[in-house]
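In the block that follows, a single chain appears as structure tokens, in the form predicted on its own.
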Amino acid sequence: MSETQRDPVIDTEKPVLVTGATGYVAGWIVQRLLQAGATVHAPIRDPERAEKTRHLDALAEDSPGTIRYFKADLLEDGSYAEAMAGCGVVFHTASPFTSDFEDPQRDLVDPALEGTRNVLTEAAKTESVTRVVVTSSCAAIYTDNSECAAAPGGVLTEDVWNTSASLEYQPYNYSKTVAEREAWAIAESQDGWRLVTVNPSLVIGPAIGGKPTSESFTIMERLGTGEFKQGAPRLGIGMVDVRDVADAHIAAGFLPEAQGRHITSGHDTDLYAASQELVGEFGDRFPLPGSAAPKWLVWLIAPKAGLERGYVARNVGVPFRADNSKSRQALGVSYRPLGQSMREMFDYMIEEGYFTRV
């Protein structure tokens, strides 16, 4: 666990709700809550599927806290009422992060927007709730790296909102933007609880268990299976360790003074540079990128890779820059080194059988 400037005290008097509890980021949040002795309420679509909760059950067995499962659906109004009853803090982490979708409205926007609406509307009806923490994203702040240079001071801050994404262009970013805007609208319509958002960049690092559906693992798998062996693009990107993101959530939920949005991004990097953090330890066993692909080549082959050439122009070879000072100062997050996060994630994926070549 990363060191912090302050140590938030987790309130164990009331249960804590974690939506999407079986997910990548949520697993580490649940771990911290259980270790503190909290009772975690975990609403999931099918509580009877033991394989989905096995890793969380293992956490509970080794912790002083307890976990309870409830049946709920992001798109079903009122389905969170039972799970939320009596809870003091609500962590809303459930939202799809994938590039594998058929209908952006149905597969990305509806779960993100309607899920946020259903969870936060229920929180507004629940008197015990005093704090709601929503897992948003840097995607709600920007779409293309070229926007970083256009931001005040040439760097993204919490004051910036994404205005360029749409259903047709980068629908994931659009889904995160409309969902977070809805969260703030609901928060401002009531006075029972305070909303705090955590806005991570690309989340990396080991999972608690299983094979998460997060796009982060897809990207890492593509690196490890040789897709970029001849050259990885210098696609500017922010990266952050999943455990640091969990720490940010805990601080956002339990520090009395926490408020507003928080860019949670440990490193301004690019895909090629990040991949090189793996070469020293894994380069003799895996076909990792050996060089950076020139931008003109990435632009040329973009349509075959499912990318728009405009996206390549605005993001490859264009640096990502974000100001993480608020997360450091207000939430006390201290970010792990990029190489540590990359290597520990890759180790985890080897153990879980993501790669056949070892």
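Start at 1 and count along the sequence shown; that's the residue number. The shown structure was predicted, so the numbers you read here are calculated from the model rather than taken from an experiment.
The form predicted together with a small molecule exists for this protein as well; it is not shown, and the discussion that follows is about that form.
* Picking from 68-76, 282-290, 148-156, 188-196, which part of the chain touches the small molecule in the model of the complex when contact means heavy atoms within 4.5 Å? -> Correct option: 68-76.
* Hey, in the model of the complex, is S201 touching the small molecule, heavy atoms inside 4.5 Å? -> The answer is yes: S201 has a heavy atom within 4.5 Å of the small molecule.
* Contact test in the model of the complex: S137 vs the small molecule, heavy atoms, 4.5 Å -> Yes.
* Even though the small molecule is not shown here, does Y24 get within 4.5 Å of it in the model of the complex, heavy atoms only? -> The answer is yes: Y24 has a heavy atom within 4.5 Å of the small molecule.
* Partner proximity in the model of the complex: T213 to the small molecule, non-hydrogen atom cutoff 4.5 Å -> Residue-level check for T213: yes, a contact with the small molecule.
* Any chance all of R45, A94 and K176 sit within 4.5 Å of the small molecule in the model of the complex, going by non-hydrogen atoms? -> Yes, each of R45, A94 and K176 comes within 4.5 Å of the small molecule in the model of the complex.
* Asked: Among Y272, Y172, F228, F254, which has at least one heavy atom within 4.5 Å of the small molecule in the model of the complex?
  -> The option sitting close enough to the partner is Y172.
* **Single option in K326, R314, K52, K295 placed near the small molecule in the model of the complex, where near means a heavy atom within 4.5 Å** => Exactly one listed residue reaches within 4.5 Å, namely K52.
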